[in-house]
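Let's start with one chain on its own, the form predicted alone, as structure tokens.
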Amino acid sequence: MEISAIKSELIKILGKDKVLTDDLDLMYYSYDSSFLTKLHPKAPYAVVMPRSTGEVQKVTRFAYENNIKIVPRGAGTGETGGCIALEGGIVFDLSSWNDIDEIDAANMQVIVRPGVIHAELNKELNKKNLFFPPDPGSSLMCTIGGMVANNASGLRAVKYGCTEQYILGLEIVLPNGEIIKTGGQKTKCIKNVSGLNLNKLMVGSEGVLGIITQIRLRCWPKPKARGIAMAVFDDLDQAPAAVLDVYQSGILPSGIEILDSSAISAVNQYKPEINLPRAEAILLFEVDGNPPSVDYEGSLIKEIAGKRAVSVEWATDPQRMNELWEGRSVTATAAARVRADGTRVFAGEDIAVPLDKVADTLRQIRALAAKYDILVVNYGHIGDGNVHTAPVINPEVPEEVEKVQQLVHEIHLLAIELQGSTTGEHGVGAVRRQYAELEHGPAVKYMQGVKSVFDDKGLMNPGKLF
């Protein structure tokens, strides 16, 4: 079918106000936050902006009958090329479909549409003394639909886990236009072991199985108190060792973050008034819960970490906590400023490794950075072994572009070598699909088999995951 005919049919189906066809509009959808799409942008044939399940179904059926590729998209904050129409086709922009259908406080759950922004959802839940625990760094921008598609997590995954642990049910339009509901058609319960767990299958499937149109989420009571401890280390190995000491004492912090010397330097260069201590590593432990337990766990963390750290500070005062946390909160921005002529590139920077190999991982990444003569800022969610590497280059220099691609390739291989994963939270998309067989072996053909059951024509977000 000709592209012009596709555009005309989509306008007939949805109306002109819900279809984008101009080249300038389509160019916007040829990117996400990944370096891959900066180098190789790919515009779709058209973009649709449905606001109902019925509208999604109509367009999906049209695409299926005419063998047209389809790609779901949220806010476009992803870093793997996952929402880009690499092989052309129709992009479904779901970001404006931001209705909160129901907050069921009595049953501790909420029903939302895919375009709801994470921070906005928690703002509304806070009125009921509830919250949705996963806490991605892009909270002010990312959508719940995107979080489900990529099984997002973030700063507090140590205690609260990933998005998948909060999915009670999903409404999904399959590639052939059929609509299914996972987790039970009418159920409102929060515990359900009936049937195969399609919730788990759909969460993290990155849009290759269907289009998520409604989400039923489990919510938790909002903690009454919070505290933060900052521990400073002059020996890199002592930081992950201190984390294990805290775990073995029976304490599970809500989050544990690490900044190595490169991140400390970047933060102090970007915002000198923060004045982080010069060290090999800084750990930030966050504890939440009831006030007595927070005080007890905080004092114990200070004692335990103090056996390995050169200094430890514990704070529950909101102003001081914000000051302690500020260094971590600006790290991503600071990383992009370490070179006047440079920019941070997102080319696969969220590997995950076993906890006891974090220090070795950081050392080897430093060695790779030196090998390729590229500035790299390292930080991450050490509590679950999720290490972020931020390479900074001048993307206008071809030699640097080539070197950074070689660097991130070696970082991905390093993760697998150290019994880790190429991605801890940002997903595979198109950036890491080449590592699927190396990481998963024969299991990949069964993943592909599952996809073929849902997507017999291979139209759904092609070129991703495998």
Partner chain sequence: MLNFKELPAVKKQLMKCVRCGKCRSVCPVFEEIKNETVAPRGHVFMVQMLRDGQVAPSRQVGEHLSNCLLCETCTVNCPSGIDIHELNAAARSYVYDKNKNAAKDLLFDKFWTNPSLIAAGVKCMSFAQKLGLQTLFRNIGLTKLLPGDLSKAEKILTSAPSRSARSRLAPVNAAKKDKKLRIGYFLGCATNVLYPDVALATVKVLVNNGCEVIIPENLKCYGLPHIANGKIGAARELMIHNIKEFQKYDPDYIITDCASCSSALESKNLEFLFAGSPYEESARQLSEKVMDLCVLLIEVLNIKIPEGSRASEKEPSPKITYHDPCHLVNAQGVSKAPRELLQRIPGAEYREMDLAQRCCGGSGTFSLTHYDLSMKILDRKMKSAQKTGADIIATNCPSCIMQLKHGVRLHNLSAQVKHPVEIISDFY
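Numbering follows the first chain given and starts at 1. The model shown is predicted, which means the values in this text are computed figures rather than measured ones. Here the rigid core means the biggest group of C-alpha atoms that line up within 1.5 Å when the two forms are laid on top of each other.
The following text describes the form predicted in complex with its partner chain, which does not appear among the structures shown.
Judged by heavy atoms within 4.5 Å of its partner chain in the predicted bound form, the contact stretch among the candidates 299-307, 181-189, 368-376, 138-146 is 138-146. In the predicted bound form, at least one heavy atom of Phe346 sits within 4.5 Å of a heavy atom of its partner chain. Although the partner is absent here, Arg339 lies within 4.5 Å of its partner chain in the predicted bound form, judged by heavy atoms. Its partner chain in the predicted bound form comes within 4.5 Å of a heavy atom belonging to Leu24. Residue contact check for Gly204: none of its heavy atoms lie within 4.5 Å of its partner chain in the predicted bound form. Between its partner chain and the residues Val330, Met108, Ala279, Ala241, the one pair within 4.5 Å by heavy atoms in the predicted bound form involves Val330. The contact residue chosen from Asp234, Asp101, Glu396, Glu313 relative to its partner chain in the predicted bound form is Glu396, the criterion being a non-hydrogen atom within 4.5 angstroms. For a residue to qualify, one of its non-hydrogen atoms must sit within 4.5 Å of its partner chain in the predicted bound form; none of Ser262, Asn275 and Trp325 qualifies. In the predicted bound form, just one residue of 1-21 lies within 4.5 Å of its partner chain by at least one heavy atom: Leu20.
A movement of the C-alpha atom of Ala149 falling short of 2 angstroms is seen between this form and the one not shown when the two forms are aligned on their rigid core.
Positional change of Cys83 between this form and the one not shown stays under 2 Å at the C-alpha, relative to the superposed core.
Put the two forms on the same core and the Cα of Glu273 is off by 2 Å or more between this form and the one not shown.
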